[in-house]
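First, one chain by itself in structure tokens, the form predicted alone.
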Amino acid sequence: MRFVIGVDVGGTTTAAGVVSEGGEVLLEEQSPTHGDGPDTSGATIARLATAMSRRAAEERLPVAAVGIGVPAIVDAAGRIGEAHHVADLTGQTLGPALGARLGLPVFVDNDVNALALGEWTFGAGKGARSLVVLAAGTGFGAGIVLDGRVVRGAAGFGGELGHVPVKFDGRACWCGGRGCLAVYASGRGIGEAGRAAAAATAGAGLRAAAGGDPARVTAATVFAVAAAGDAVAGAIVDEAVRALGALLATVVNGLNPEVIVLTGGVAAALAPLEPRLLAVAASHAFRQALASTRISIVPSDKRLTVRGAAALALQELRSAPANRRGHP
């Protein structure tokens, strides 16, 4: 049996693990992404991958490759584009240097593309021909797998569904657009809406939950206060549900996948709202198309994302050399 190393890079935490071909995470380790100071995420990735390689050798687990998922656009050569949460990686090509250090092929892709491969290979989409993963975390990412291949697009922007406009005259998005889904349904967007509401007269409930300081309101605060019956927080959550339900319908009508997986840090808070989400989706989607799609909410954890990066490595190992990403 072959084993691979999966590395999931986050804005706050980076995790690495040794994963079997069956998707079992056998060894794992985490570290603050910038634990050694600003602009040190590359060093963190190298340190964790090296530690996993050493531990695998000690356990006599033969490692065949390394897969790395990063929160950024990644081109076909493995070069990282603008990375909002790990800006120091922008413009870097991690594979060659790390590969030379470890003596292993290293493959790099967008983190949600890797996560989608993980769900298709090992998880909720195993056995399906088509899968879409929607990752509602700090930002809002997506990954699309059709007939066993990730849809990356001509320049690596395939699957950027978090920036589909759901409200044409809506709030400005950090991507430069306006009314994007991410503004309404990501942790960052929900938190920003909550802080703005808490600073207004009507946001007393949110202010109180944050100890009187609107700047301390997070997405988790908004969901908790909404669940307690606060109308202002409830309106923010309702807006998120309507925006996400509309995106589900867009995915169903536009791609008609067998499986949609909703995951990410916001997913756990959305799970109790699943009936409302599906009702919104049903009001926009073709009835028969929605009926043929299995929608699963899978709260995220680092083991899933590490497994996704490992699935990337396994798929690239199976590809013809000319089709491999970021490694000759």
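So that there is no doubt, residue numbering starts at 1 and follows the sequence shown. These figures come from a predicted structure and were not determined experimentally.
The form predicted in complex with a further copy of the same chain is left out here; the points below concern that form.
Within 4.5 Å of a further copy of the same chain in the model of the complex, a heavy atom is found for all three of 144, 151 and 243. When contacts are judged by a 4.5 Å heavy atom cut-off, residue 239 counts as touching a further copy of the same chain in the model of the complex. Using a 4.5 angstroms limit between non-hydrogen atoms, residue 284 touches a further copy of the same chain in the model of the complex. Remark: residue 230 does not count among the residues lining a further copy of the same chain in the model of the complex, judged by a heavy atom distance of 4.5 Å or less. In the model of the complex, residue 289 approaches a further copy of the same chain with a heavy atom inside 4.5 Å. Considering a further copy of the same chain in the model of the complex, the lone stretch of 254-262, 92-100, 114-122, 187-195 in range is 254-262 [heavy atom distance within 4.5 Å].
With the partner omitted from this view, the residue of 139, 105, 159, 78 that lies near a further copy of the same chain in the model of the complex is 159 [heavy atom within 4.5 Å].
The single contact residue among 200, 208, 220, 175, judged by any heavy atom lying within 4.5 Å of a further copy of the same chain in the model of the complex, is 175.
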